[in-house]
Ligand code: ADQ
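Just one chain is shown here, as structure tokens, and it is the form predicted on its own.
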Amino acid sequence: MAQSRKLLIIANRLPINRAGHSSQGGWEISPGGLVTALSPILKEHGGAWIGWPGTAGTHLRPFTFDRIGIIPIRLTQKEVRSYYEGFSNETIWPLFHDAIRPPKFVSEWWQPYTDVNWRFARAAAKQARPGQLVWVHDYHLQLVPRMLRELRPDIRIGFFLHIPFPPEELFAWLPWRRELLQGMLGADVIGFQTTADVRDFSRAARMFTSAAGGDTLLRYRGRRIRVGAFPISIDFDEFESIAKRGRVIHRALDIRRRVGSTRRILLSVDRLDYTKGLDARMIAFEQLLSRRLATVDDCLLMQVAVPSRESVDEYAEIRGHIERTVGRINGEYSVPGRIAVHYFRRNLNREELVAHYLAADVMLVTPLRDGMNLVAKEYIATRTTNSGVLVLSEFAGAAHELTQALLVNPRDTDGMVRAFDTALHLPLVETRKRISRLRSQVRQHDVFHWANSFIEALMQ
């Protein structure tokens, strides 16, 4: 960090979960991209995190965990349904992901979203010291910057959106478009994953508010607001270190032995979400087999699907559809001792995840739309022997940086099949050249580079 000023992080979720899912148990660091990215920063430089514990009605006093100050926010069950499951994940999430699924515009969800944002803002206003750097995160809390500025004009406020920002033609659908933009414009620095997101936000701000200026510097209500692309990343050294541990290497070899040591493993690790393109990926793999470009003796698809928002009906439907697709492919192409698709619906701990990365010959990261996608960067960091091939969607934010991957359009089944076939047969010299360049990119632009660049902009 450019200076020793401690950070105050505001995010929907706290960076910790109850260990063993017990209310009586201890705490453990949560999985997920945001925590993966930010917890190393707070541990190194100090600071606090304001967020929801993840369970409705839970009331906790502030405490410290692993050198991070924890400031819990309480949500009722009704607020979870309306603010979180409703407005955040059935309105904003699909709308900001190119309306892959139709967003729902329910007026009864708006007031709870506003009320919860005020609760976060007031907690931050109470916690922040004069001149402190406050960093607000993601689509759940887009109103907080304006609210916090009203309460504490003496602090520096940053906002970072982890998901894509939609083109103004889609954003215009939102009945509360002006209020959301005004909320974000309360920040001194507004960060996005890509320059396309920067452009789309600034156009929307000029169209629907009194903001003026260019794409990267807006003037609004007498203030100058910097808008920029700050591509999020990972702790490269940590993933590389885990990949070198003897027990992790042994586990990777065990995975390969269990599925057949001569078979090539195509791996995917995703949340079970309609934006991730799991069904399109499986259909492309099915076509790879049906066109006899590969057989179950040659390769297999290993899909790790992390449970997500299972209380939402649409996500339960997605799960059912994916599991039926897995069953159909395996029923058609598997033979004794050779399963075509290995499907696991579960979370993997960090070492187990890295072991799967090490075992994989090809990593398939093919979302229909994604803000960044840290799985792609994690895989690259673990390839310490300069082996492995990354197949990456053009519509993941990571594609703007990881240009040495095999880039694909996940809606183009024929193109996906060709990419899978190419990945399985890429010459070793070409494989090593590509992965070496990818590793250099991710190593140089790690999580600390991401955080430092944003914080330096916030301090200017």
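Since this is a predicted model, take the numbers as computed values, not measurements. Quick note: we count residues from 1 along the sequence shown, nothing fancier.
Only in words, not in the display: the form predicted together with this ligand, which the text now covers.
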**Request:** Within 4.5 Å of this ligand in the predicted complex, counting heavy atoms only, one of 322-330, 76-84, 346-354, 202-210 shows up; tell me which.
**Result:** 346-354
**Request:** Consider Gly371 of the chain shown here, and say whether it contacts this ligand in the predicted complex, taking contact as heavy atoms within 4.5 Å.
**Result:** yes
**Prompt:** Is Val296 close enough to this ligand in the predicted complex to count, meaning some heavy atom within 4.5 Å?
**Reply:** no
**Asked** Does this ligand get within 4.5 angstroms of any non-hydrogen atom of Met302 in the predicted complex?
**Response** no
**Message:** At 4.5 Å between heavy atoms, is Phe171 in contact with this ligand in the predicted complex?
**Reply:** no
**Complete:** this ligand in the predicted complex has a heavy atom of only one listed residue within 4.5 Å, and of Asn117, Thr382, Gln193, Thr366 that residue is Gln193
**Request:** Could you work out which of Val375, Met184, Leu266, Leu358 is the residue within 4.5 angstroms of this ligand in the predicted complex, going by heavy atoms?
**Result:** Val375
**Asked** in the predicted complex, does each residue in the set Asp270, Lys276 and Val306 place a non-hydrogen atom within 4.5 angstroms of this ligand?
**Response** yes
**Message:** Just to make sure I understand: among 207-241, which residues lie within 4.5 Å of this ligand in the predicted complex, judging by heavy atoms?
**Reply:** Ile232
